[in-house]
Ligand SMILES: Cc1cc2nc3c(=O)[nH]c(=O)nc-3n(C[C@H](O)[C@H](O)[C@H](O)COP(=O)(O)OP(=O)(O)OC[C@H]3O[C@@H](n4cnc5c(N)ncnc54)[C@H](O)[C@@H]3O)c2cc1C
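Next comes just one chain, in C-alpha cells: the form predicted alone.
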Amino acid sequence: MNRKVDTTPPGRAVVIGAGIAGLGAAIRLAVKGYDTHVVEARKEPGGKLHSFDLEGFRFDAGPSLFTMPEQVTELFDLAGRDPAAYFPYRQLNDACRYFWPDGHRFIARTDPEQFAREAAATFHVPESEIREHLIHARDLLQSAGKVFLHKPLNRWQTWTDPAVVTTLLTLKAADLLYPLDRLNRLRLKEPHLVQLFNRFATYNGSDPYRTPGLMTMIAALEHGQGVFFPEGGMVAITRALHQLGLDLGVTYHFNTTVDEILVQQQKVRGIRIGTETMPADLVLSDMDIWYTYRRLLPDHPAPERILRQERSTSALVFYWGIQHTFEELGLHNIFFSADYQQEFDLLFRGEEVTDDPTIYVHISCKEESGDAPSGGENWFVMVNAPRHEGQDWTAIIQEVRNNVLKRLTRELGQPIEPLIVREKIWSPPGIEADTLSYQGALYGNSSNNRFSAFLRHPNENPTIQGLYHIGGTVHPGGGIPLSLLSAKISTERI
C-alpha cells in the first residue's frame, strides 16, 4: 500500500536582517522547506559586507579577510548546487605583509612550514619553536574550536557529549587561564613574533593582553587552513548567497524596517512593520543583540548582564583612491605600532586612539585589477577605534588621519596625501548608524574574559519559543565564518 507523503510546508520563517548570518540562515530554512522571508532595512543585502564606488575606485566596505570558505560553500552543497557556479574563489600564498617601526618587514606565508622557515630566518629564532606554536594552534582549532565555535554552549547535551568531555580534559590550563600575550611571550619570546601573533585577538575586536590563550587557534586559520580571495571581491560572498536564496524561493523585503517581534504567551507569533503584521512560526534576528531587545522586544525582560558586558573595538576606516602603485604592498598589510599594549589600554580603558596606532591597509586591486583605474590603487585603511561613547569624533578623525599619513609616508618613502584623489571615511558613529551595531562595536561584546565564550547570548532564545539569534553579536562570535556558524547552530536546533 502506498503511503501518502505530507508535502505541507513546515511553516513560515522570518529572518530580520540580510547580513551574512541572515543570508545563510534563510538558505538553510528554505532547504528545510520553510516559506522564508528576509526583512532588511537597507536597500541591499550584506549588512557590513557591502561595496561602493568612488568614481572609478571600488571598495568592499566591511570585512576584508576571507578564511574558512567551507562555511560558505557548505550552503551550496546543502542546496544541491555547484558552489563554483555561484562563487569562484582562489587560495592565496601570502597571508599578510607586516611592517614594524624599527624597519623590520616580513611577508607571512599561508603555508605553515614556509612561514616557520622564513620567520626563523627573519627574526633569528629556532624554526622548531615557531612550528610547534603553529601545531598547537592547529590542534586547538581542531579540538576546542569544534566545541566553542560549532556547538550551542547553553545546551546540557553539549557538555555531556563524550567527545566534548574528552576535548575539555585535553586542554592545557594555560590556554584557558593565561592571556594570549603571556602565552605568546612564553612560547615565542621574540618581540616581533609575539606582536604578530598577538594581532589575532583583533579578529573579534579583543585585547590580546586580556583575551584568553585559546585565541591562539586563530593563527591556524591564516597559517594552516589558508587565506582566500573571492572573484569580484568580498561583496561576491553577499551576492552569491543572495542569489542562492532567490533560487531557493526566499522572499526578500528591502527598505523595510521591523518595529517589533510579536510574542504571545512566551511564543513568537511574527513581526510588526508599522501597522502591518507578518505572522510567522519562527523568527531569527540578525540584528545586534542590544538593539533586538531594546527596539524589537521592549516589553520583554532583557538579559541586562549580557547587554552590559564590555563591547568590542570599533574601527575608523579611510577609503582612499590612490593615484600611484606600490609594489611593496600586497592585498593585506599591517603597520604595527611601537607600543601595542598602550594602544589596547587606550582603546578599552581610555576610549581613545593612540598617537601611534596599528594601521591595516587592504588593497583589493592587487587581486582584482578592475577595482582601481590603471596606475592607481584602492586603499581600505583601518585603525582600531574605541566604541562610540560620545567622543569628539571630528577631532579624533583629523588627528588619526594626520598620524596615519605620517606613518605611511615614512614607511613607503614618499608623501601619501598628495596621492589621494578620492576619499570616504567611516567612523564608529557612522558604523552604528549604518548597521545598527550598538556603540559602533564591530563584534558585539569583547572576548576580554576567560569565560567570554560562555557569556555571549545563546542562539536559541531561552524564554521565547520560536525566537533565535544569529550574527556577530551572539554565539559564537563576529566575522564571516562565525556569523555563518551562528546561522547553522540556530537552524539545526529547529
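Counting begins at 1, following the sequence as shown. The structure presented is a predicted model; accordingly, all values stated were derived computationally and were not measured.
Below, we turn to the form predicted in complex with the named molecule, even though it does not appear here.
**Student:** For a quick test of understanding: in the model of the complex, does each of Gly145, Gly205 and Arg456 have a heavy atom within 4.5 Å of the named molecule?
**Tutor:** Answer is no for this spot.
**Student:** Spot the stretch among 250-258, 172-180, 212-220, 129-137 with residues whose non-hydrogen atoms come within 4.5 Å of the named molecule in the model of the complex.
**Tutor:** Looking at the partner contacts, the answer comes out as 250-258.
**Student:** Consider the chain as shown here, without its partner, and state which of Ala61, Ala30, Met68, Ile464 has a heavy atom within 4.5 Å of the named molecule in the model of the complex.
**Tutor:** Of the candidates Ala61, Ala30, Met68, Ile464, Ala61 is the one lying within 4.5 Å of the named molecule in the model of the complex.
**Student:** Contact with the named molecule in the model of the complex for Gly22, defined as at least one heavy atom pair within 4.5 Å: yes or no?
**Tutor:** Result yes; Gly22 sits at the interface with the named molecule in the model of the complex.
**Student:** Just to confirm, His37 within 4.5 Å of the named molecule in the model of the complex by heavy atoms?
**Tutor:** Output for His37 is no: heavy atoms all beyond 4.5 Å of the named molecule.
**Student:** Check whether Val72 has any heavy atom within 4.5 Å of a heavy atom of the named molecule in the model of the complex, and answer yes or no.
**Tutor:** No - in the model of the complex, heavy atoms of Val72 and the named molecule never come within 4.5 Å of each other.
**Student:** Report yes if any heavy atom of Asp434 sits within 4.5 Å of a heavy atom of the named molecule in the model of the complex; otherwise report no.
**Tutor:** Because a heavy atom of Asp434 falls inside 4.5 Å of the named molecule in the model of the complex, the answer is yes.
**Student:** Between 468-494 and the named molecule in the model of the complex, list the residues on our side with a heavy atom within 4.5 Å.
**Tutor:** Counting only heavy atoms within 4.5 Å of the named molecule in the model of the complex, the contacting residues of 468-494 are Gly471, Gly472, Gly478, Gly479, Ile480, Pro481, Ser483.
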